[in-house]
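What follows is a single chain, given as structure tokens, in the form predicted alone.
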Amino acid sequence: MTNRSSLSAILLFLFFSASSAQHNVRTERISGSAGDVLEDNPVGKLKVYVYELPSKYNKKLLQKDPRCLTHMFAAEIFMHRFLLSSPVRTLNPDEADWFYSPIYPTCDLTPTGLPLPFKSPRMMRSAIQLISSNWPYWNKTEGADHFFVVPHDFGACFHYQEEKAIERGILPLLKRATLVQTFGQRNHVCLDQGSITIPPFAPPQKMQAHLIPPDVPRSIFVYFRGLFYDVNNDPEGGYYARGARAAVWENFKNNPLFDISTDHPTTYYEDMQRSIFCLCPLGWAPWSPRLVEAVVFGCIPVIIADDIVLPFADAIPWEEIGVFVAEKDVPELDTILTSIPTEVILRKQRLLANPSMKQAMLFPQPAQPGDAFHQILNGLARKLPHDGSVYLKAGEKVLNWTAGPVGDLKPW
């Protein structure tokens, strides 16, 4: 470990450097193709047909539990609302490039607000049976030109525990569709190669209300609020976050450079804006809203989640705005972060200050150019034109409608 006094000296130097830099260079645009992709306008590049499904698949679920509008999985609701009034929407399905089914599979919450995924597979099967019976378009490709928003912990594997999600695998009827999901991890059965990884929903208006003046110095070196252990679901420890969060606490709970706690203060958003580095470790899944919050508040995200696939990775230069730390290297976190040259830190802060970077992580109401809605559309547009091989011959079937757990086959 680095000597504490030398760490404090480094910290003071960084604070003064960052504070003075904030008065000079505010923002920096990412150069090259990433910046161009980030600012792409999808309008005119694709047309989307929105199926009109019975309200039991969407609006009635929301009426039953309005909390669905504010939880981290709410992208499924706001994407539906966005598409209904988007200029990419077409009312003529024969000219559509993509077909969208407005289904809210995470809008089934426990009293504490956690989504229950157990009905989701049956809901999806029911909706697909409906669209394949009432419209001819699903049967032409068996879903290869359809996309679904599935923001569960492990996407269309529909379980919040990784072992069981892996055992289930992606719902067989969605194997040819494009999945728009928050979960992203390389070489994982719950991430299809053609999926579009998106940020979790974080309430834009709430974050806007907590903005502080941009010239306030960043006086916290490392910041984190959240669980280090999940004693209810992992009483023996070590399984939750693969031990990475526990290692943060055990190694740095008394380190003066680390402001870490399980408390969630009312100044949480303000504290992130006063911090240089914000820890974004995996939990049960590799992603969390902290990633969105860190980018929006200009706090350099320290990503601790091996093999994570990050949102809109073809547009957002994660390597340039964040710091990646392997889970096994968590005990060396203080040395790693204090060894980053000041000029590197300042450049990451300038990139994070670019409004385009922040906008791409948010689902604002109403939608804004370059926001997460438009990044999803850009991702869909870049998958066009569809390869001719996705279109099936009349009567041809590829998917197995009876595959999967027996419970998934029950009517919904």
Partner chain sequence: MKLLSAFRSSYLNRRGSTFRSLDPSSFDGAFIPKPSPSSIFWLAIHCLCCLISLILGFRFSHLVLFFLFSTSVTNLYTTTAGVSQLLQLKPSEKANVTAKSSRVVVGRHGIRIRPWPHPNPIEVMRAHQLLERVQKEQKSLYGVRRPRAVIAVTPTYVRTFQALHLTGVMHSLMLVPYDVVWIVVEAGGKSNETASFVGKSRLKTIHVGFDQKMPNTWEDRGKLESKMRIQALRIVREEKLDGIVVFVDDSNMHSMELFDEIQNVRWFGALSVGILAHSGNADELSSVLKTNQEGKPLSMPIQGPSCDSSGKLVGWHVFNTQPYATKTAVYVDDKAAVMPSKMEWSGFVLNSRLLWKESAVDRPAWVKDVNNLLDGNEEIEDGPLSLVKDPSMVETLESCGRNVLLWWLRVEARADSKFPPGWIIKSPLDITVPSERTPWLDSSSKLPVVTKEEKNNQPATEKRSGKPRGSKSKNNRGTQEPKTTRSRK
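Positions refer to the first chain, counted from 1. Please read these numbers as outputs of a predicted model, since none were measured by experiment.
Beyond what is shown, the protein has a form predicted together with the partner chain; the following relates to that form.
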Stretch from 199-207, 120-128, 135-143, 227-235 whose residues place a heavy atom within 4.5 Å of the partner chain in the predicted bound form: 227-235
Heavy atom of each of 106, 283 and 320 within 4.5 Å of the partner chain in the predicted bound form: no
The single option of 265, 194, 214, 93 touching the partner chain in the predicted bound form, heavy atom within 4.5 Å: 214
Proximity to the partner chain in the predicted bound form, single hit among 272, 337, 316, 303 (heavy atom within 4.5 Å): 337
Contact test in the predicted bound form: residue 242 vs the partner chain, heavy atoms, 4.5 Å: yes
Contact label in the predicted bound form: residue 299 to the partner chain, heavy atom within 4.5 Å: no
Exercise: residue 221 in contact with the partner chain in the predicted bound form, heavy atom 4.5 Å: yes
Contact test in the predicted bound form: residue 187 vs the partner chain, heavy atoms, 4.5 Å: yes
Contact set, 156-173 vs the partner chain in the predicted bound form - heavy atom within 4.5 angstroms: 162, 163, 166
